[in-house]
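So this first bit is one chain, no partners, the form predicted on its own, shown in structure tokens.
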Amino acid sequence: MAWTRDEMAARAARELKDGFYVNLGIGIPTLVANMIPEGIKVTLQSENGMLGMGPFPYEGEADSDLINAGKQTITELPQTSYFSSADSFGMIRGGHINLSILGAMQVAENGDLANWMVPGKMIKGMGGAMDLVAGVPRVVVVMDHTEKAGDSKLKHQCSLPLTGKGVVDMVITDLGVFEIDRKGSGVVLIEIASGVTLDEIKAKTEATVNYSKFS
């Protein structure tokens, strides 16, 4: 049985380090805000101009003026600060964010990322993903392992327009965790989701993967 969205987010939260400034992308990554491990202090940043985001509000306690970049209602903390979107992107482009956790439509075995558009479909815009992958030193992708039609999203090469070339360091899917060595070693399977078999991962993965840890 594959990991749920919450389990994927909890696994991504294990990549957080004490003192990190972190940006969470739209979709599954937003769930990480409620999964921060005990004893770890991180500061969450949003492209729309908020530093120090709290967890999602309980039902009936949402403030429609407090939203993240994905237009979801969030909470503030005593140390929260607000500023312009220009200042927010200055933080990102200036290398002041330690980690970005993003969703994706495709990731290639060399770390290429496609997560902002599907040709022919209406989009709202590219958002901040291109700046994030260019300005943040470590990028973790959290996504379903396959598309609805069953095709692998971890591919030899991305077929969709790229967000960035060679930018992904780790991929967490509902089937397992993969590290990407962008210097040439490629993709390495480092963890298998509970209830998932190695054969299932191999059958559903297009990319060339080093499975030696589990062989």
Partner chain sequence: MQSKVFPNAASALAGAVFDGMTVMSGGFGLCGIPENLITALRDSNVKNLTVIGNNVGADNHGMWAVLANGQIKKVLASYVGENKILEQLFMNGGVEIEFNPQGTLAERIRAGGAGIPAFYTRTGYGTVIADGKETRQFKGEWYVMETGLVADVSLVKAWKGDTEGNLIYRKTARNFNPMIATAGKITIAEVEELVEPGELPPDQIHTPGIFVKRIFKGSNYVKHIERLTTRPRDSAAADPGGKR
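Just so we're clear, the structure is a prediction, and the values are computed from it rather than from any experiment. Positions refer to the first chain, counted from 1.
What comes next is about the form predicted in complex with the partner chain, which is not displayed.
- The candidate spot formed by E47, T73 and A86 lies fully in contact with the partner chain in the predicted complex, as each residue has a heavy atom within 4.5 Å of it.
- Between the partner chain and the residues L189, M170, C158, A33, the one pair within 4.5 Å by heavy atoms in the predicted complex involves A33.
- Not displayed here, the partner chain is approached by S64 to within 4.5 Å at the level of heavy atoms in the predicted complex.
- Among residues of the shown chain, A69 is one whose heavy atoms approach the partner chain to within 4.5 Å in the predicted complex.
- Proximity of I97 to the partner chain in the predicted complex falls within the 4.5 Å heavy atom cutoff.
- Shown alone here, G195 lies farther than 4.5 Å from the partner chain in the predicted complex, counting heavy atoms only.
- Although the partner chain is not shown here, in the predicted complex the stretch 13-27 places heavy atoms of D18, G19, Y21 within 4.5 Å of it, in sequence order.
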